[in-house]
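Single chain ahead, written as structure tokens, the form predicted alone.
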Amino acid sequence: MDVESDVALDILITNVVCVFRTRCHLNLRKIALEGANVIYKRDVGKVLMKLRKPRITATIWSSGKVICTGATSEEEAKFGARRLARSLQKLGFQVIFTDFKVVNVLAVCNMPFEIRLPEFTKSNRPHASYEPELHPAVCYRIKPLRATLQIFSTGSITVTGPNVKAVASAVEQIYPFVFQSRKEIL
């Protein structure tokens, strides 16, 4: 088994976070009283609204800013955000769906081998930090992609990045490094 051999790695996207603006002031009390699947957090000044399909949770502020979490793809996040904006329109607000942006993508990838973390950290010192007393994973940052990877000894890698493309290229970049530090199978 060598680094150059094509290995198909499944990258499972677990969460996509996106934001959009409604370009109008939102009356949170009205949303809480008339909306469906709503939790009003008056002390914080926000409303949580859940959609069943796609399964997302939105945090709505009175300024008109909305953050959606829980989608499993960028397309699903945009569809869910548009559905949420439509449900706010049905409550009587003059909502205009603008400034949509995917802010964060969380994904999990499993390597077909286990990884020796101390060896991996020593060979990738400026980018990798490993504190086994604080956290069981190596934190590896790729600054140009704005991606952070949590690499576990089991071969499981959790990737956080600004979009799906950055997450995929982060996994492609890290594979040769983790391959060098893999545990040999006896």
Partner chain sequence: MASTSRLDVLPRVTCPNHPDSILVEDYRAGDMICPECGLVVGDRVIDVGSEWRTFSNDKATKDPSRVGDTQNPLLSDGDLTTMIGKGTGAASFDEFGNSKYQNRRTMSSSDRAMMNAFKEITNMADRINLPRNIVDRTNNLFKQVYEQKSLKGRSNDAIASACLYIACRQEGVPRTFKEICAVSRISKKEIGRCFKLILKALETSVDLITTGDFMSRFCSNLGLPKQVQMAATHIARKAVELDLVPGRSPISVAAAAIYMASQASAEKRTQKEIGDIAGVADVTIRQSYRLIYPRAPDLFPVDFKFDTPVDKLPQL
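Positions refer to the first chain, counted from 1. Note that this is a predicted model, so its numbers are computed, not measured.
The protein also exists as the form predicted in complex with its partner chain; that form is not presented, and the subsequent description refers to it.
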- Note on the structure: Counting only non-hydrogen atoms, the one stretch of 65 to 73, 157 to 165, 39 to 47, 116 to 124 within 4.5 angstroms of its partner chain in the predicted bound form is 116 to 124
- Classify residue 130 as contacting or not contacting its partner chain in the predicted bound form by the rule of any non-hydrogen atom within 4.5 angstroms, answering yes or no. yes
- Within a 4.5 Å heavy atom cut-off, is residue 35 in contact with its partner chain in the predicted bound form? no
- Item | Contact label in the predicted bound form: residue 136 to its partner chain, heavy atom within 4.5 Å | yes
- Can any non-hydrogen atom of residue 59 be found within 4.5 angstroms of its partner chain in the predicted bound form? no
- Query: Along 78 to 108, which positions have a non-hydrogen atom within 4.5 Å of its partner chain in the predicted bound form?
  - Reply: none
